[in-house]
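Let's start with one chain on its own, the form predicted on its own, as structure tokens.
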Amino acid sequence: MVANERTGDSSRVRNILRWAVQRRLTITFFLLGMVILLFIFIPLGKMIFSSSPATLWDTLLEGEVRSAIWLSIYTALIATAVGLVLGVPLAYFLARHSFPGKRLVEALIDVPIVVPHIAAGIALLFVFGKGFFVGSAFDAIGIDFVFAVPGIIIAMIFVSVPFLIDSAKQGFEKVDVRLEKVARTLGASPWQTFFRVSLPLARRSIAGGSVMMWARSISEFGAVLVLASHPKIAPILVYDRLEEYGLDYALPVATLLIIICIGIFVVLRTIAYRGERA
């Protein structure tokens, strides 16, 4: 009986080893993936649980904090809306047409992702400041970008719109051109074809790109710091408190911003996922 138990144990060990050998790629990738997940989760978790609920609530009751968080949220939403109006047509054009210099245009769209955002802010300041004709023209109609909400919005658009354009372009490329041709054959105009065929079929990619653009906008710091550090968005407020009062004073604001952003991000991704399933 003991010999049978030993034989059974040996057989189980061999089976486990055989399974491990067969699944070594899966196991290796799983372990490597866990490392990067922990790398992301541990700092966020440490920050979130470093402040007590009472401290977070008291911080949220501060008018300056609420104003900064709300300003971050709604300016990011406006930036995303502008990105949809201007970026989706460009994405569709790039997905449907080939022309000399197309690769250059696509590369130019992605440049804001790799440019240091402090440098991006300086570039925007040169163009939208009153010393350049663009800034002067807007100033003539009462729109100022330096130390103003419009400056926050254009800084957010500049650094985040590539995410929306690239995602929308991939979505339109997945739409079969033959469906558009059938719609045109049945009498639909180009506008009707776009709004009733192409846009609905690419909505998943557009929604995903919109969420990414909003998330990137709300986290922007460098370009906004140069162009429009006042009124203060939440990242600027966190930086100011860190510089003036230290980590303990900045931590609750940063924690609130992270919690709110994660909550909204999860809600938006859930809505996009349900739309995809529907």
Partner chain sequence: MIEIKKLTVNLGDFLLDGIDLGVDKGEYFIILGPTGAGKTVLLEAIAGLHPIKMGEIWLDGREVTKLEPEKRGIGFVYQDYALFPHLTVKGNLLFGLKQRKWPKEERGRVMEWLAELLGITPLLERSTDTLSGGERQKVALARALSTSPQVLLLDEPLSALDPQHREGVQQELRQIHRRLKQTIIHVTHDFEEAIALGDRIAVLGAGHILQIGTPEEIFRQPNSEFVARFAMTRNIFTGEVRGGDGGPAIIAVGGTQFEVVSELRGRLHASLRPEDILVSREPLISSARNSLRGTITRIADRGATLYLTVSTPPDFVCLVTRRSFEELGLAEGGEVYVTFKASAVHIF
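Residue numbers count along the first chain shown, from 1. Just so we're clear, the structure is a prediction, and the values are computed from it rather than from any experiment.
Keep in mind the form predicted in complex with its partner chain is missing from the figure; the text below concerns it.
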| query | finding |
| --- | --- |
| Interface residue in the predicted complex among 143, 118, 182, 149, criterion: non-hydrogen atom within 4.5 angstroms of its partner chain | 182 |
| Interface residue in the predicted complex among 123, 113, 188, 86, criterion: non-hydrogen atom within 4.5 angstroms of its partner chain | 188 |
| Stretch from 173-181, 68-76, 127-135, 92-100 whose residues place a heavy atom within 4.5 Å of its partner chain in the predicted complex | 173-181 |
| Touches its partner chain in the predicted complex: residue 197 (any heavy atom, 4.5 Å) | yes |
| Distance check, residue 201 to its partner chain in the predicted complex, heavy atom within 4.5 Å | yes |
